[in-house]
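Heads up, the chain below is alone and in the form predicted alone; it's given as structure tokens.
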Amino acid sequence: MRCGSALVQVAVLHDIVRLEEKLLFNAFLNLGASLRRIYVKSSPIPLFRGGLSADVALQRCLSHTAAIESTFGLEASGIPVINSSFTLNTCLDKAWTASLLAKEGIPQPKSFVVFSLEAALKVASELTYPVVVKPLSGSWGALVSLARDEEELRTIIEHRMRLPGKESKAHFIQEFVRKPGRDIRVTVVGDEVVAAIYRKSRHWITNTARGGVAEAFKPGDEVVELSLKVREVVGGDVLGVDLFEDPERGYLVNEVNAVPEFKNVQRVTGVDVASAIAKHVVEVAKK
């Protein structure tokens, strides 16, 4: 077993260098780890044993396709990746995430996957309007729509069905949760909740990428327990767990992010999330 971090070789896969990646690079260097940055747009990713060398890898690609496919490559080389291809695939598919959480009885908004306008209208009649329509894969609230009546739902689904690509031929429809003008982002690293924030907005979409305002939130035992249970289900080491507060049912898991942003979490809570992630990654390499 290595002593300290000096001999630990950490690969960080990325396509865009955001503030989060800069913070992570510095955190690994501060730990004395050997840092290898892999820019996936210019670095071929071999798909055979021994094609790449590192003790551990951290996946930070913004592109979902790049994240999954490059993770396959490092796993083929025998390198543990945080997060694994299983966790990435699970979290990037909203239906898969919902299915696994449902099997474990984890509370979440009532959701359906549909493949036609006819099916979408049937779901809406069961849930009652408004309903939320999402792509099965996506982040930042992109392409998420609110249908307040049948005509709006018809317009959304018909528009999506005419878009190119198989991704627009399946639709994730979710009940509209009347949350109190905010949701909660919980940052999980290993088996610990390291920080949490409220994301507040007058708009029903509260993502900070869509104008939501971050505010520090101290999670209680219920939030911590629920978030760590989610971690057990999807198997991740670094996760962003998004929770809704339902006035009757309590906390509901909305989504799970396997390559979470954390600059706003770090900014408003004062928690050094980058260092927490770097320390955990190094510990994984030393096991």
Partner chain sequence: MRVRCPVCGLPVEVPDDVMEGEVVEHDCGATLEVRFEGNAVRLVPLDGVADDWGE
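Positions refer to the first chain, counted from 1. Model, not experiment: these values are computed from the prediction.
Form predicted in complex with the partner chain: not shown, discussed below.
By the 4.5 Å heavy atom rule, the three marked residues Ala98, Leu121 and Phe172 all fail to count as contacting the partner chain in the predicted bound form. Taking the partner from the other structure, the partner chain in the predicted bound form has no heavy atom within 4.5 Å of any heavy atom of Asp237. Proximity of Ser42 to the partner chain in the predicted bound form falls within the 4.5 Å heavy atom cutoff. A residue is said to contact a partner when one of its heavy atoms sits within 4.5 Å of a partner heavy atom; Gly138 meets this definition for the partner chain in the predicted bound form. Residue contact with the partner chain in the predicted bound form: Arg160 places no heavy atom within 4.5 Å of it. Only one of Val259, Leu243, Leu58, Val230 comes within 4.5 Å of the partner chain in the predicted bound form through a heavy atom, and that residue is Val259. Stretch 202 to 210 is the contacting one of 124 to 132, 202 to 210, 108 to 116, 172 to 180, since its residues have non-hydrogen atoms within 4.5 Å of the partner chain in the predicted bound form. Contacts of stretch 54 to 70 with the partner chain in the predicted bound form, defined by any heavy atom lying within 4.5 Å, are made by Cys61, Leu62, Ser63, His64, Thr65, Ala67, listed in sequence order.
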